[in-house]
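A single chain comes next, written as structure tokens; it is the form predicted alone.
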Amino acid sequence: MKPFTYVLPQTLAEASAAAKQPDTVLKGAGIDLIDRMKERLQTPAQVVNLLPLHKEMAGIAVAADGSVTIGAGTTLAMLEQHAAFATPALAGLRTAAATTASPQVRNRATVAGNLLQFTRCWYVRSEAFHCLHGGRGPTCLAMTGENRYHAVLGWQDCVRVHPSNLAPALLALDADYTTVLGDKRTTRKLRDLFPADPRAQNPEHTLQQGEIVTSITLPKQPEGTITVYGESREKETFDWATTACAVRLVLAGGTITAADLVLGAVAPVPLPRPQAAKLLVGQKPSSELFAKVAETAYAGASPLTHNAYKLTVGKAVVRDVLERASKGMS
């Protein structure tokens, strides 16, 4: 591993100042970063460790207006176990956290770290291959290579998939995120954290150099809201999703009055499917409706040589989470 300067900031301002230096990376738990540094895929001159700021950046607070703020340094285990996420309205996020990796990882991995993960594509993560997204080659090798875990939707010149479990559930809840950059604090919609044009030359997120995610905020959900998250995997535990879906339904008198649907693990970014969600509004839940929604959610898909199964499996996951949401089952 290449030698680097290791910074242990005592304040967020100190961390932000250090993070603005060239060739610097930020580290929470470091679960993903250490893997890339061992492979020499990332060789920063400086690493800023955010864990000393645990008191400032971790924790969950429920405001008087019903909104919930999650510190960026909150672990997935803390999120999974907090009483605020035991409600039907936030149960989907709790499930997303609880199904990520293993208990050991969930006790270390942070919310911001989960959202800002680098893609799991084996070509860009291997020193042996020079691919377009890694900036070391002329083309996306997965397009014509081994691509059974890669994108079927939303891709252009790179078929990587975004690996975050939390992102679909947070997007379905219309979350905001707050950052600091120097002395400037900014709050945006979470959807703005991911590139609108996920081409190979664009990173997994839109943060500027030195910009630090400090918290995620969920607005108060309407009465009758339920969220559900589901995914498919090859192994029962400690595995990456092959497809995922988060849904948010608002039910009143047996009718769906509002809906959001977000896919995961099938595109270079977490993928909201508003046209599919629109079909649900004003309707009563039914298997026929959910089948139509699932087809619409995957409309326009472009499967590769080895991943056409994602369409069949992904549609089944969509139908399953909608069925569970309509029955009030998280």
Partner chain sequence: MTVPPDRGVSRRSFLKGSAVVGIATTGLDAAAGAVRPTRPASFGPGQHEIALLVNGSEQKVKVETRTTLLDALRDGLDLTGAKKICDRGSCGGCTVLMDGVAVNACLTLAMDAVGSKLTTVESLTDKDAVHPLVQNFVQCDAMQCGFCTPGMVMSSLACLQKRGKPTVEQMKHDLSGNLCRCGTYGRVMEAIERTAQAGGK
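Everything quoted here is computed from the prediction, not taken from an experiment. Residue numbers count along the first chain shown, from 1.
Not pictured, yet referred to below: the form predicted in complex with the partner chain.
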(Q) I'd like to check something about residue 14: if you look in the model of the complex, is any of its heavy atoms closer than or equal to 4.5 Å to a heavy atom of the partner chain? (A) yes
Q) So in the model of the complex, does any heavy atom of residue 273 sit within 4.5 Å of the partner chain? A) no
Q: Answer with yes or no whether residue 38 is in contact with the partner chain in the model of the complex, where contact means some heavy atom within 4.5 Å.
A: yes
Q) Would residue 107 sit within 4.5 Å of the partner chain in the model of the complex, counting heavy atoms only? A) yes
Q: Scan 207, 181, 98, 258 and let me know which has any heavy atom within 4.5 Å of the partner chain in the model of the complex.
A: 98
Q. Only one of 60, 289, 301, 34 has a non-hydrogen atom within 4.5 angstroms of the partner chain in the model of the complex; which is it?
A. 34
Q: With the partner chain left out here, work out from 196-204, 169-177, 98-106, 85-93 which stretch has heavy atoms within 4.5 Å of it in the model of the complex.
A: 98-106
**Q.** Neighbours of the partner chain in the model of the complex among 235-263 [non-hydrogen atom within 4.5 angstroms]
**A.** 237, 238
